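One chain comes next, on its own, written as structure tokens: the form predicted alone.
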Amino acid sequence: MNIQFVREIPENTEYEIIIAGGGPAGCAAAIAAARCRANVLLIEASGSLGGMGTIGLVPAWCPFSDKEKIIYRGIALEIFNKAKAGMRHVKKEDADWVPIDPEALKRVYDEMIMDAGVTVLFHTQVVSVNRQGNKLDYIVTANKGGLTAYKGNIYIDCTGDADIFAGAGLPYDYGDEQNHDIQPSTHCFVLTNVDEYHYHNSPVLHMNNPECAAYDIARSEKYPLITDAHCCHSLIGPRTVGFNAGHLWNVDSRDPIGASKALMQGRQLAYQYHQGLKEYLPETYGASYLAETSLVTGIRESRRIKGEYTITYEDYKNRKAFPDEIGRNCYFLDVHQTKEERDRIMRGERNGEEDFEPYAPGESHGIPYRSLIPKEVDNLIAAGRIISSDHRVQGSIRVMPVCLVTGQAAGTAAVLASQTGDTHKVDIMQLRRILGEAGAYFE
């Protein structure tokens, strides 16, 4: 049984560009649009900008270089360099797998957003999308101020789950092409009072080392939530280590009850992982303290838009360039394993990295503007992990450096489309010129 809910709510028409989602993609989009003198509203469901790099506690940036040069540039490189500046154990020239201090990164995003003149709404959810034919008419938000309808010229979906696209009734892809299976999620955490000497001088704690303690923890009956050896970590501060470890299976971020259960299970998983580390690596972690668990589940995959162009595995494999590309990507196909693959790894039948396909130094593929825009709606753009790609490529383009690049492109394109209200009529040469002048890298 459904209830018809009807009431009058205030309408706000103050903003040209309205962006949902304040993670890396949303922040880069907002900064880019505001620097082009647009009036920008950035809507964020939590109380912090930065997404997985801040409240998500991901402990390190994915590589910024193609092993010859930095390729994620423009606003992405600005944020990266500002975030590195306050970390004394990070060299200025470091570009790959650089640790993240989440508190410092929060300040970087805050300062850059404020300097650009963006209006931010924290603790605000988009609860409804009104579409009239090939246009979004308005979105409805909810926060402590109640319900408000915001009406802009161009909307950018940076929610990570394509919530605006779904709310507008637009088609989307989900999971792999055969069974719609999605990558497992992870709940990151931080340990303090870690012995740095033993941390730096112990055997590598990573799944590609079959002798590492992560396998012992996963095989122990004491820690039932640890079912595989996934374990990435970085020293993010003095005696402080951030962990991206363990997996939560079949977490559907579209399901509020299931997603809520995953958060509680993730905190229990972090506790069990910490206990296992203390047992199997006592010299390093015996006196350590579980200081913090992430406020959000690390969702790797959910909805992907159906754009004017879908980036495919063949494009990735062929290092394809596009006439409308707005950036390039060199990250490997980091598709986390299914339960069946996990079991094979745990039995020693494979090493966990057989599906990863790294490029040679200097190689990358293009990201076309068409993968950011839908066919059916004229005033909507996507950025971040939701852009139009197949399942395997999504495992590569979902990471923060790429999200920053697509965000900057989306924000810039939104300004160009603002006068006509049509993202399909953006002058690609003008878009690429503006992005290039702002430091972006593409062919």
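Remember, it's a predicted structure, so these values are computed and weren't measured experimentally. Start at 1 and count along the sequence shown; that's the residue number.
Form predicted together with a small molecule: not shown, discussed below.
Candidate site formed by E325, I428 and L435: none of these residues places a non-hydrogen atom within 4.5 angstroms of the small molecule in the model of the complex. Residue in contact with the small molecule in the model of the complex (any heavy atom within 4.5 Å), chosen from V415, I31, V393, M400: M400. Here is the short version: of A76, C330, C188, I305, the single residue with a heavy atom within 4.5 Å of the small molecule in the model of the complex is C188. This chain is displayed without the small molecule, yet in the model of the complex the stretch 296-304 from 361-369, 212-220, 296-304, 262-270 comes within 4.5 Å of it by heavy atoms. Under a 4.5 angstroms non-hydrogen atom cutoff, the small molecule in the model of the complex lacks V120 among its neighbouring residues. Within 4.5 Å of some heavy atom of the small molecule in the model of the complex lies at least one heavy atom of M52.
In the model of the complex, the small molecule sits within 4.5 Å of a heavy atom of G160. At the 4.5 Å threshold, heavy atoms of Q125 reach the small molecule in the model of the complex.
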